[in-house]
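Next up is one chain by itself, shown in structure tokens, the form predicted alone.
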Amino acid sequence: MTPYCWFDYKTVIVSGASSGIGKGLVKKLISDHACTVIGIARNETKMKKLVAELGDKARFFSYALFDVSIKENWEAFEKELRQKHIQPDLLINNAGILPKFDKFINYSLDDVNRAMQINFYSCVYSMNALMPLLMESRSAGIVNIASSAALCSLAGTSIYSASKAALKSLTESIREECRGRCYVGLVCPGFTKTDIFSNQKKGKESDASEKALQMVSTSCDRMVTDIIHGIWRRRSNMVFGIDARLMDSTGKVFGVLVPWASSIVIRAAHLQMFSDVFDDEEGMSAVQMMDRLKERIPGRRRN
């Protein structure tokens, strides 16, 4: 056990608990803080595997299987908690998807709706259903896990960035509405070494893309540790990962120049998973790209 913190021995609900950051949070909340955790996911095979991995600590874990993007599922879950006299103290909305990197014009409305339903509306539904019950706790807390994409949008991430930016704005408003009654935290993690990129383009060049991402990605264990520590300190806004902090700081100073510069770097690196985004400038050299970037620098003298 770590030194005492406010959510030790509390009951925590974690969505997207079957893999990645969600799975890591479940394990750490139980092992380091003796929490009772209710995980939410759709894949029962993965959940049973998590139970096995928890070993003798599995008694602190239970799970519910449902689609978080359906409002009625959250309402039924809330009723079940009340019927079982379970008092949740902390809700961590972690479930999310990363659509394939592509131009906005290539996304269908179904793609847009799916991203918004899972990344944004699932949190709307969970908070709408569970906030009255959470408020009955003396140590109520809500943590929404967004993304660095909410801080600075990149080409090819339009609907993902939009869904996470919506979650960021919603969280910030709710924080003020609940100030003094409920802790509300927002997490904007950068690239993390999980399987969230599994639906991106695969091919002969994908290994190079993977290696490039690994260079700027944070390990899942480190990200989980940082998130837990941030919640422990009741931090309002948490930005974790070298890439996320860079996007946050430079975005505040240079504004629209940052997405442009990021596009230059991605083009020059010829990342396979972004090939559908920049296929119109595939033949442009890195030198040409940098020349175009210099032309956009504010205040730069032109001959």
Ligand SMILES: NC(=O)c1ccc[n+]([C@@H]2O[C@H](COP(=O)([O-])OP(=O)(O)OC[C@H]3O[C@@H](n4cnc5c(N)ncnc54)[C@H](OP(=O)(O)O)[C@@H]3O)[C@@H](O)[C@H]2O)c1
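None of the values given here were measured: they were computed from a predicted structure. Throughout, we count residues from 1 along the sequence that is shown.
What comes next is about the form predicted together with the named molecule, which is not displayed.
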Inset, instruction - Let me know the one among 126, 158, 147, 171 whose heavy atoms come within 4.5 Å of the named molecule in the predicted bound form, would you? - result: 147
Inset, instruction - Could you work out which of 235, 46, 28, 245 is the residue within 4.5 angstroms of the named molecule in the predicted bound form, going by heavy atoms? - result: 46
Legend entry - Location of the named molecule contact in the predicted bound form, chosen stretch of 139-147, 102-110, 175-183, 75-83 [non-hydrogen atom, 4.5 Å]: 139-147
Inset, instruction - Please run the contact check for residue 19 against the named molecule in the predicted bound form: heavy atoms, 4.5 angstroms, yes or no? - result: yes
Legend entry - the named molecule contact in the predicted bound form: residue 97, any heavy atom under 4.5 Å: yes
Legend entry - is_contact(residue 153, the named molecule) in the predicted bound form, heavy atom dist at most 4.5 Å: no
Inset, instruction - Report yes if any heavy atom of residue 118 sits within 4.5 Å of a heavy atom of the named molecule in the predicted bound form; otherwise report no. - result: yes
